[in-house]
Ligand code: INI
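In structure tokens, one chain follows: the form predicted on its own.
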């Protein structure tokens, strides 16, 4: 008897996706959003099956993700935002709570929630991760969502 491997792919396409986006640091976040939408469309998701929900900032993302998950309309949810370290401990609170919140929603509702919330030390790092040297973390979050949808379909079927 051989080992059975189960893993998702990016080929299945289709499905419904919501993207919850924090407006704070929009100069970075809009590039993340563009990357996520482009990636979903390139992998077969119709534009009409992508919904964008905007919230004030990263701290508000988990509540919106929770409300979206409760509707049970989406195959996956993508959370996008940017928290940039400043001179106060505010960074730790916002980054920690937003990350913990989106993870908890995924477990509570059994829906993939891809965490594309940047937590960086500087504006330069944020720019690098939103489409320049370090790639586009919004696109990477969309790929993660697609792969998890594919994986869960295999595990359910």
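Residue numbers count along the first chain shown, from 1. What you see is a predicted model; the values in this text were computed from it and never measured.
Below: the form predicted together with the named molecule, not depicted.
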item	value
Contact check for 14, 17 and 74 against the named molecule in the predicted complex, heavy atom at 4.5 Å	no
Contact residue in the predicted complex, from 40, 94, 33, 69 (heavy atom within 4.5 Å of the named molecule)	94
Segment that reaches the named molecule in the predicted complex - one of 41-49, 22-30, 100-108, 124-132, heavy atoms within 4.5 Å	22-30
In the predicted complex, residue 58 touching the named molecule (heavy atom, 4.5 Å)	yes
Exercise: residue 78 in contact with the named molecule in the predicted complex, heavy atom 4.5 Å	no
